[in-house]
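One chain comes next, on its own, written as structure tokens: the form predicted on its own.
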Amino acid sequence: MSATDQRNTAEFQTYKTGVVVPGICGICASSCPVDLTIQNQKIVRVEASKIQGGSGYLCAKGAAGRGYVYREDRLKTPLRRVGARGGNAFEPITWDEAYAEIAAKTGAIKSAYGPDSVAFYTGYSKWYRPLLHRLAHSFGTLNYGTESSSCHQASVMANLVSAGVYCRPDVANAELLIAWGVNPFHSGNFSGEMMEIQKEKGLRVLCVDPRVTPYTQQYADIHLRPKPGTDGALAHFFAKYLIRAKKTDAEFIERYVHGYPQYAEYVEAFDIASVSRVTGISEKELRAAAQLIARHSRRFTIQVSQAAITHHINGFQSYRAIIALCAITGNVDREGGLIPMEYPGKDDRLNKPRLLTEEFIQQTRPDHAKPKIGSERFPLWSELIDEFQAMDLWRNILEGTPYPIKAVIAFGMNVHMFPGNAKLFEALSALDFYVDVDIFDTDSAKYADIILPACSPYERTELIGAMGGGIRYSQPAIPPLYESRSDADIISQLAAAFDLDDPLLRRGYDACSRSMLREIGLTMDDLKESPAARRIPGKLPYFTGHCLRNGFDTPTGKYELYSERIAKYQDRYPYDPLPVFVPPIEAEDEGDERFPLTLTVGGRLPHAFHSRFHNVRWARALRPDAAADIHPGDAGRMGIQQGDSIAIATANGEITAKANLTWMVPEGSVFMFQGYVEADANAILGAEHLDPYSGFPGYRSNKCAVRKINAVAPVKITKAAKPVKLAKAAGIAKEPRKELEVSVRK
């Protein structure tokens, strides 16, 4: 036995003593392995794992895991509402009483209005989603939705309409990395590790980000700072430059790309002068960046933020425009470019053994259910994503169209993440019945009829599929606190309470996990014996060229610059098959002199994750006050100094916060971090300020005004949100394509 094996064996024996036990940090979706020191069935220390195959590092959120578990606002027992909705008046009840009432109320609604009148929704966490999705199907509805209605899925859509598969950057083999809106120091911690390794070997890095970040400061060879939401115009300028410089791959385009002639004609409008004016980037900087890409055109890759780009009303098309640069240069499905992502539940390469997650979900899919919420308004989303578009939930409830939603069963719902969220609070108040499952007492829970307490990641089991073909099974480090239960157990018990014809789901989480494991050659016992992830036997890493040889999963079998999936909707929706650029803010809003600044909401702090850590005292102490980042030049013109109380106003309302003066944000912009309930920036955004393709909110491009005040005031919504013109319902004539100001396209 080697010295390393001896050390690992000794450390594993320490695990078995019960002093230190392995765990998985389930606070975000990264599932980082941790070592937990336990004394008297209580966590006293959380550290990065040494032997579970992790990175050996832990982010600030993971390090604060103990404070997260023992937050003072943990839900302790099932509760029943006894007062008005939102009044926070509840009485404790038993689990049996809670299940009986849920079954009776939802059963009556199902009998009166049909199963589609009940919607199932989940925010965080993500691990139990296959079970909740199956619960919705077994109940008889397709109305299963998640917080991914504003996170990640728009980037999935952009990849699907382009390549038919989600692609990732092959940084390990690239000469140039274009990091577009990426900041792994604050979001997606440790995802930049490969970049750091390759940077030492000579990798060049082009960063595109309006903000100055630790990433741009430390690693960028060139840093471009476009105005928020103008990324598509910048990408089209690069495309035009590469085409004119003959740095595209003509053979690749001829064999593997669909729609290049139309695309090449379109990007001709994006000359350097007009793009400089639109993006705010100097012509000198634009030219230097384009030349850098051209020098490495045969081997570059792009890492695009899943949120920063798609959180504009033009975000879906901007994402397409960015990744199109790899297509026209032949850097798709080739080393050093964009390559298909590996998932444990999917293998498009050789159909090797895999986790049968999708089969588990679809096994009880109803045959005659009504279209999902949002299907009429966002048909491309509905076609590509097997979830309802949750940004349309409030409208469906309040208007009752195209059919009524009378009940919502939600796990981890955070209403504050929704734009113009007063609309959703109003909708929850209008429901006949609302169930909220959560770890903590939240504002969303205050509107519930029944509240069920869930346990933390360290108090439950979890089957975890890791990207790259690994899989692990985590076990509880401590017993569930109070009367809390695992989300998966709650779902299985709800299936029994509803008396659903789904014996597998009713048998519980382990039975469901065994069903999903049945073809991979590993058993639950195998996984329980190993603290580290196990690779699925026979599952090899993706090798490049498979899509090129066998065709992309698109209507034409090619990488589509002109999307045939989108083209079929042109007659009824304001859609364009090309990745066109439209302004991130509507013309009438852009010209409103009352709001001269651009408000960007949604950036992340390294010690926070949405609002989940603002009640963890250690984490909150790092930035205790809700603060808006403002450029010193803007602040000086308004007479604002560091720490002053300021009001941030939009056409939809006003909030107050502290001023944080920093050169890291561009002039003309105000950056507000999310999650501070007392200064909820999402509350003053338009509920209809949505991308017409994906339904994603335009968190990061809104007009606002700032003024200095003497005291902090509560959130005040001044008027209802204005409907967005781009997100028209079916049957309304398509709007003409919006061009650049100097577009020469005819």
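Numbers for residues come from their place in the sequence shown, where the first is 1. The structure displayed is predicted, hence computed values, not measured ones.
Not on display, but discussed next: the form predicted in complex with a small molecule.
Peer 1: Does F581 make contact with the small molecule in the predicted bound form, using a 4.5 Å heavy atom cut-off?
Peer 2: Heavy-atom contact with the small molecule at 4.5 Å: absent for F581.
Peer 1: I'd like to check something about G508: if you look in the predicted bound form, is any of its heavy atoms closer than or equal to 4.5 Å to a heavy atom of the small molecule?
Peer 2: Residue-level check for G508: no, no contact with the small molecule.
Peer 1: With heavy atoms only and a cut-off of 4.5 Å, decide whether A321 touches the small molecule in the predicted bound form.
Peer 2: It does not: once the small molecule is placed as it appears in the predicted bound form, A321 has no heavy atom within 4.5 Å of it.
Peer 1: So in the predicted bound form, does F411 come within 4.5 Å of the small molecule, heavy atom to heavy atom?
Peer 2: Contact with the small molecule, yes.
Peer 1: Among D489, D170, D634, D209, which has any heavy atom within 4.5 Å of the small molecule in the predicted bound form?
Peer 2: Selected residue: D209.
Peer 1: Taking 4.5 Å between heavy atoms as the contact cutoff, choose which of S276, T106, S117, S125 touches the small molecule in the predicted bound form.
Peer 2: Flagged contact: S125.
Peer 1: 240-248, 287-295, 211-219, 258-266: which one contacts the small molecule in the predicted bound form at 4.5 Å, heavy atom to heavy atom?
Peer 2: Comparing against the small molecule in the predicted bound form, the contact stretch is 211-219.
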